[in-house]
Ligand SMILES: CC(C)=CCC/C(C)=C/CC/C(C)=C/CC/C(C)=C/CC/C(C)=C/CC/C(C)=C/CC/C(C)=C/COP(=O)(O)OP(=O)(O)O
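Listed next as structure tokens is one chain, alone, in the form predicted alone.
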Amino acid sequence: MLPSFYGSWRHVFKLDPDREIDDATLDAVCLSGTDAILVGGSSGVTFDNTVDLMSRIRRYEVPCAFELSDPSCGVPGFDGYFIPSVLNTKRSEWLIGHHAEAIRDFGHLLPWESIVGEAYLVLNPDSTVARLTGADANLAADEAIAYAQVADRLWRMPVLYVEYSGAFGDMALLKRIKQGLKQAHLIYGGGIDGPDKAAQAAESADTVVVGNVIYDNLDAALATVEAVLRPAAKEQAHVFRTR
């Protein structure tokens, strides 16, 4: 059975090991009521800065997972690990090449009971991740949906991450992607700079990831927690009242 440590997550804060965060900000983020902290970044992630950030997060009870894109940064001690593959890359190493090398060299050390595959669909051509991975991010809507369904139905990837990284995405497309999924858990990230956009993304995504705004406007970042989680709590309360 695949790990499901992420299955109930609705709201997640993403922290980049390559960006500085002071103790007061980290305290506010970890005590915000978010479902989890996701650690990862597109560049500058090292073993040392990942260990440092994880050890600071571990002072809190909030669940913490790591996006492991480089096996040399494979820090033990996280609650779970996502292994990303970029669906729309033009470079095979970002789809399977790096993964095969990592398993060849480090497979015997990996905590497989805590690892899930994560299919990335990168849709902002100006993002660092698009440039780094050579992703063809200028996809028509039908093409994007087709990639998502390959991951979901053909490859049976447990997680699909729609990534706009730095820009707020097309919510109509996100809704269509969600409607076409049969089993994959849909994560959305990109351009969420406050509660309004967080709530919009939460209408379709299973999990909403809030990242850059933490470093730019902490109050706006913290407001996204209630925007995503309160509607879900109200809906649950309504279900119980009507039974």
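So that there is no doubt, residue numbering starts at 1 and follows the sequence shown. Computed from a predicted structure; not experimentally measured.
One more form of this protein, predicted in complex with the named molecule, exists but is not displayed; see below.
The stretch from 151-159, 135-143, 169-177, 82-90 that comes within 4.5 Å of the named molecule in the predicted complex, counting heavy atoms only, is 82-90. Looking at the named molecule in the predicted complex, residues G33, H185 and V228 place no heavy atom within 4.5 Å of it. A residue is said to contact a partner when one of its heavy atoms sits within 4.5 Å of a partner heavy atom; D70 meets this definition for the named molecule in the predicted complex. Heavy atoms of S43 reach within 4.5 Å of the named molecule in the predicted complex, making it an interface residue. The closest non-hydrogen atom of G74 lies within 4.5 Å of the named molecule in the predicted complex. The named molecule in the predicted complex comes within 4.5 Å of no heavy atom belonging to R10.
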